[in-house]
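Just one chain is shown here, as structure tokens, and it is the form predicted on its own.
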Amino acid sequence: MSNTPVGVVGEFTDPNVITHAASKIAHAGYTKWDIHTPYPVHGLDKAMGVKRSIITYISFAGLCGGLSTALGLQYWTGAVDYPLNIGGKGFFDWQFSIPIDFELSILGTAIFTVFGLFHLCRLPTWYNKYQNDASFAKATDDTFVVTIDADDDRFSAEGAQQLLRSLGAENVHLVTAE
């Protein structure tokens, strides 16, 4: 059985205390830590120092890709590959392509957003190094759980445990690899 430390875990029960603790942990200089909550807590991401997501830019790229695909395909088929003069209209009139442009823009946005979200969230992830810890399992019920990873540059088992205890955490303990 290995005694390699995975990290330190601490439990909180009050969302206001966990928000205060998040700002203190970020101020302490830890970079590889996370908070697991049973429900979203307003202001927690700001207290943790989480940067704004780039998913909006990924979605916009999908919109541009879908729109350019729609316009390019319609132009190529109507004006280059198979030009037909139907009712005196031009070979490519953008006004008549609006429904297709809209649909492919939405499709491109949806596809890029889903795959971008999967990439940013590192999905599918089949294993979490804390998943066998009883405290970690409580995060799905009624407890706010802080995990500080052992591969953080500032990590020391005693220092991390002392920090969590000073911030009001209960059941603070070291998690080791099994």
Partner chain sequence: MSHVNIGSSPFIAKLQRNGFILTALGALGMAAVYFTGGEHGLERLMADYLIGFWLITGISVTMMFFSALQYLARAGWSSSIRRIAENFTGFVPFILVAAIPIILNMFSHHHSIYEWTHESAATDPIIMKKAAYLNETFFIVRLAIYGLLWFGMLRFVVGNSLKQDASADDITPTRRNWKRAAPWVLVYALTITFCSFDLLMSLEPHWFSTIWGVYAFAGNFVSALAIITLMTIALRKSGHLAKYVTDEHYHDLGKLMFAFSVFWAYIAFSQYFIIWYANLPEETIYFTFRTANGWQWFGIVLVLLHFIMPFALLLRQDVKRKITMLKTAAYVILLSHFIDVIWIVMPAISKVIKHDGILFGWQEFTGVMFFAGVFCILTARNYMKRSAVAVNDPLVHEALEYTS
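Residue numbers count along the first chain shown, from 1. Source: prediction; values computed, not measured. By rigid core we mean the largest C-alpha set that fits within 1.5 Å across both forms.
Absent from the display: the form predicted together with its partner chain. The rest refers to it.
Using a 4.5 Å cut-off on heavy atoms, what residues in 71-95 are near its partner chain in the predicted complex? Sequence-ordered list: K89, D93, W94, Q95.
Per-residue C-alpha change between this form and the one not shown, P99, threshold 2 Å, rigid core fit: Comparing the forms between this form and the one not shown, which are aligned on their rigid core, P99 does not shift its C-alpha by 2 Å or more.
So, does G72 move by 2 Å or more at the CA between this form and the one not shown, with the core held fixed? After core superposition, the displacement of the G72 C-alpha between this form and the one not shown stays below 2 Å, so no.
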